[in-house]
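One chain comes next, on its own, written out as structure tokens in the form predicted on its own.
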Amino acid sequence: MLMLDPNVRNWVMIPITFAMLLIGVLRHLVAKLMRGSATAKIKSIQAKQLIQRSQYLRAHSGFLSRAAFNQRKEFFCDKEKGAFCQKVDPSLNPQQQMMSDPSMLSDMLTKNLTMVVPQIVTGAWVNFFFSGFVVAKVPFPLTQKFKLMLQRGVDLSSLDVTYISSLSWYFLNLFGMQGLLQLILGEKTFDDTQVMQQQMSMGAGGLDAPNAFKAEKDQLEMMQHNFRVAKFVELAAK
């Protein structure tokens, strides 16, 4: 059985945790200052909410009668008055937004730098000073699939999968410290995973309303209505 040296805990594990906590607080403050200088665009928010309403309609249409579903579908897809068939404000196109407002590109670049640069610096710091250390042990058994995730930088096939390397401890702190930061700061913090999901779902320049409206309209028109409540009533009657 491998015994962990207390000095490794004091001089490797605790400094990594403290540094990640401090960087998390600083990033939150920087992101808060950046959010404070930006003004929310009402039209962009309205477009996102309109798409969400259509998505909710498709997800929960089974609880609406056919007449109620068709009425809501007509509100979105009617060729003359439908919300998705109206002329979209050109400012909701991300390419045109960047052309008309150059500050958007610098804003996006600043946000990406706020997310990426601290990760690169702290990752290089951990890899240079603390590479190869085993800092902790998981108190419950794990399968071999977790070995790559928990033992980065330690290439020992005989090492039990429950041990955690210093580099893996850094990644665990990077993506798992949001709850602790929220307790310390008392508010929602800057979350890397949410930022990456937003960039993947909305694109680099934000919501592309014309294409999003067209895609949502096509899905809603092709949808077949299925009234589920009637089936529940029949089952209850039996």
Partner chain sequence: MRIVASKKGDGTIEKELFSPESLKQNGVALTNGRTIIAIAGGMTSGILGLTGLKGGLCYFMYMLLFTAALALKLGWKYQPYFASWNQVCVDGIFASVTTYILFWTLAYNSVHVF
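No experiment lies behind these values; they were computed from the predicted model shown. Positions refer to the first chain, counted from 1.
Omitted here: the form predicted in complex with the partner chain. The next part is about that form.
Across the options 66-74, 24-32, 42-50, 177-185, residues that bring heavy atoms within 4.5 Å of the partner chain in the predicted complex belong to 177-185. Although the partner is absent here, V138 sits close enough that one of its heavy atoms falls within 4.5 Å of the partner chain in the predicted complex.
In the predicted complex, at least one heavy atom of W169 sits within 4.5 Å of a heavy atom of the partner chain.
With a 4.5 Å cutoff on heavy atoms, S61 does not count as touching the partner chain in the predicted complex; it lies far away. Not displayed here, the partner chain is approached by N173 to within 4.5 Å at the level of heavy atoms in the predicted complex. Taken together, the three residues D208, A212 and A215 lack any non-hydrogen atom within 4.5 angstroms of the partner chain in the predicted complex.
Of all the residues from 7-30, those having a non-hydrogen atom no more than 4.5 Å from the partner chain in the predicted complex are V8, R9, M13, T17.
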